[in-house]
Structure formats: C-alpha cells, structure tokens
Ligand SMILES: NC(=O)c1ccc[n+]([C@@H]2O[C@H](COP(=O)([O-])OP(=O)(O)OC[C@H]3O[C@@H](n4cnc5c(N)ncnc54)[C@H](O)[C@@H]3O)[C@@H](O)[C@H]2O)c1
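Coming up is one lone chain in structure tokens, specifically the form predicted alone.
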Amino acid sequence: MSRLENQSILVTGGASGLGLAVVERLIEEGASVGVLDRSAEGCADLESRFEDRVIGTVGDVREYEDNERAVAACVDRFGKLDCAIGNAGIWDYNITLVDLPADKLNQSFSELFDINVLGYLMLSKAALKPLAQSQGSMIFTVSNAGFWPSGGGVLYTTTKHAVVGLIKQLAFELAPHIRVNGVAPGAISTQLKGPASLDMQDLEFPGSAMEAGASGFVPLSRLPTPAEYAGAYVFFASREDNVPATGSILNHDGGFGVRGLGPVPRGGDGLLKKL
C-alpha cells in the first residue's frame, strides 16, 4: 500500500513550483488532492492530468471564503480532509531595510504578511473542523529564512520567522486532535513571485544563477529540485511514519546550519583524496 493511500490532502499554491511538486508526489503516494491557487489555468491542467484524483479551487489564500471553498471542495469530493498544507507564498528578492522605500513600507509589509502568514491562518481556520474530525494534520512551508538571515530580505525573513511561531502555537492549541508541523526548504530553483507593492511581481526568480553558484554557498554543493523536497511533506502527512511529531520543523535545507565560519561552506571537499 502507498504511504498516503485513501488520504485527502489540500495544498495551497499547488499549481506551480514547489507546491506542484508536492501535489505530484502526494498523488504518487496514493492521496487525493485539493489545490487552492490563483491560476485557473494551473488548476485546470492538474484536473486534466489527474482527473478524479484532483479538485482545483481558483482563489486567493488571503480570502477566508476562498480557503473555505477549497476545504469544502475536498470534503465534498473525497468525503473528508486528512491534511492541509499551507504552501503559497511570495519572496521579497532580498530587499534590505535601507533599500525599502519608506512610502511603500506599510503596503509591502501587509502584502508579504497577508500571503505568507495570514494565508496559513486562513487555511488553518477553514480546515479546523474537518481535520479535528479526521484526527488529521497541518503542514506549513517555512524556509531556511525562518532560522537564518539572508534567505530573503527583511520582509520575507520576518514572515518566515512568524510562521515558525505559528506552527508552535497551533501545535499547542490543537493537540491532541491535530498535528501541526513544518518543512523548511533551503535554496530552490522555483517560480516564486515578488510583491506587487514593490513592482516585483514580474521579476524572474534567479534560479539559474543560484544553480550555477550552488557549490559556493550550499554545503551539499547543489540545489535540490522541488521534487526532492516533496518527500518531507509525505513524511509529515503519513499516519504511520509520523505519529510522534507535532510542533516539529524539518530543516530540509541542504545543510545551511552546518556551513561554519570558514572560507568554504562545507568541510568535506578534500575527503575523498584522504580516504
């Protein structure tokens, strides 16, 4: 039997990037999946590819009614909800405080927090009753920026630290009925958008440049793909493998926490020559 056989799972931001890779892996593991995404084309494509295994809801994670519709669609189609994954987010392209225009501070702060934090709260609230009924779980995408500086700018990094607090608080509030955990990916070549309030909505994420320079800043010497990150979500969603964990966050980041203070981000470059 697949690890997620007969589970119903909802993913926000599931029509592209990391979210899409997670959706594909959940289906591979036997789950039926709901997707809440702003892209009507992306939702339609998923429904075309996976037919009755996917139900798409076009909407905005900042709107409670859209989260509610997505939860209801899962329950109506699949009969229950086992797991809600908050994944939709935007990046601030490493903008620093000194470069952040004062006249755009309020608007950009609100946009980042509304999508990256409030969106998760909206999903949590909308999914609360069906997840309690199924003794299910919540999983939130954090980031290496939830623990270390410079994974984003001042806005993004602050939102991801807030998500760490959200996970811990909800894990406390919802125990023993609902498990709440997080996955903190590291550098990833994906399709993160920037905030419209800073005119960054059409910027191209620097994935190719990051991949080319990965050996200089990632201890594993390369960027994991979105698909390679997706297994962590399967682990936390599993009803067999992950019974003990709530309030846990997997630093699934390519080793940023062990970079050390030396001139290179890892200590094993000369290992094979010494063996």
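Numbers follow the displayed sequence, beginning with 1. Since the structure is predicted, the reported quantities are computational estimates derived from the model, not experimental observations.
Below, we refer to the form predicted in complex with the ligand, which is not included among the displayed structures.
- None of 70-78, 99-107, 128-136, 85-93 except one has non-hydrogen atoms within 4.5 angstroms of the ligand in the model of the complex; the exception is 85-93.
- The candidate site formed by 9, 64 and 173 is entirely out of contact with the ligand in the model of the complex, as no residue has a non-hydrogen atom within 4.5 angstroms of it.
- When the ligand is considered in the model of the complex, residue 192 lines it closely, a heavy atom lying within 4.5 Å.
- At a distance threshold of 4.5 angstroms between non-hydrogen atoms, residue 60 is in contact with the ligand in the model of the complex.
- Among heavy atoms of residue 122, none comes within 4.5 Å of the ligand in the model of the complex.
- Within this chain, residue 265 is remote from the site of the ligand in the model of the complex, having no heavy atom within 4.5 Å.
- Shown without its partner, this chain lists 154, 115, 198, 164 as candidates; in the model of the complex, only 115 has a non-hydrogen atom within 4.5 angstroms of the ligand.
- Contact annotation for 8-28: residues with any non-hydrogen atom within 4.5 angstroms of the ligand in the model of the complex are 13, 15, 16, 17, 18, 19, listed in sequence order.
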